[in-house]
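In the form predicted on its own, a lone chain appears below as structure tokens.
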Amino acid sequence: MSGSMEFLLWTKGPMFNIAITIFAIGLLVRIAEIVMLGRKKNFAEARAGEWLPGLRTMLTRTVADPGTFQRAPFNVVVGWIWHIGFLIVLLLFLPHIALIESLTGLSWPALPNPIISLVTAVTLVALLATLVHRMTHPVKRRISTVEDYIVWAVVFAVVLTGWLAYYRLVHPYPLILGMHILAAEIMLILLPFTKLTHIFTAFIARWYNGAAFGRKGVQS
């Protein structure tokens, strides 16, 4: 027990500080790179504003258009299931809210634990389905990279270890809780340097596209 407790304290202390530092610096560098890329000055007369079209595109591109849904219904449905499930567990599970409050001072009501447990189980199944689909779909299997599988494994590990810790299915308990925290810290470290960055950059890109089209007076 002493070894597992020391491991848990290490994940909550030194490793947590390392992960937060790398995540913050990496994300700032990534955002700075995007800002420094800039865009060429547009000398054409603006036909409309940029902010509102940009915000509209951020919202409309979040929901798949009918054409995309018809071409890839599995990607749309299962992708939505596990993304929403992950966010629900991350933001509406009481211990996670307590952690956020300790870091930011912000707090909000949590969902009942049985609902969180159900959402977690559905998210795990959806993540497994995405892996099987990636490995069996001819095109996806061909274009998938090592990074794709690493990102999947880290996200799956975060959800799985959290579920195992909730039901105390691994003994001693501090060990599985520490593994869950460590998995989340690895995800934080990888986030600025992998495709996980789309958590932040996707909305920036959508706004930029909408603003560019809005300036021309056309809908993105």
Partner chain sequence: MAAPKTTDQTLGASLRERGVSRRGFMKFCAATASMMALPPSMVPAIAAALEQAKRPSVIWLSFQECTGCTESLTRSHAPSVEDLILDLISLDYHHTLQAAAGDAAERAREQAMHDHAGEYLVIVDGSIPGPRANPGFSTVAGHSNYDMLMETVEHAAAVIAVGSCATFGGLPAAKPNPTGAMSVMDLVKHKPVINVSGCPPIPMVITGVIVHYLTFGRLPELDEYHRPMAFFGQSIHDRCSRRPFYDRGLFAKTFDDEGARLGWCLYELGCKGPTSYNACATMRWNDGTSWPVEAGHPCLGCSEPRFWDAGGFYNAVSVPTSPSGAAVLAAGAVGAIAGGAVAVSAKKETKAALTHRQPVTVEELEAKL
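Numbering follows the first chain given and starts at 1. As the structure is a computational prediction, the values presented were derived from the model and not from experiment.
Unshown form predicted in complex with its partner chain; subsequent notes refer to it.
Only one of 84, 131, 94, 118 comes within 4.5 Å of its partner chain in the model of the complex through a heavy atom, and that residue is 94. Among heavy atoms of residue 177, some come within 4.5 Å of its partner chain in the model of the complex.
Shown alone here, residue 150 lies farther than 4.5 Å from its partner chain in the model of the complex, counting heavy atoms only. When contacts are judged by a 4.5 Å heavy atom cut-off, residue 135 does not count as touching its partner chain in the model of the complex. Its partner chain in the model of the complex comes within 4.5 Å of a heavy atom belonging to residue 173.
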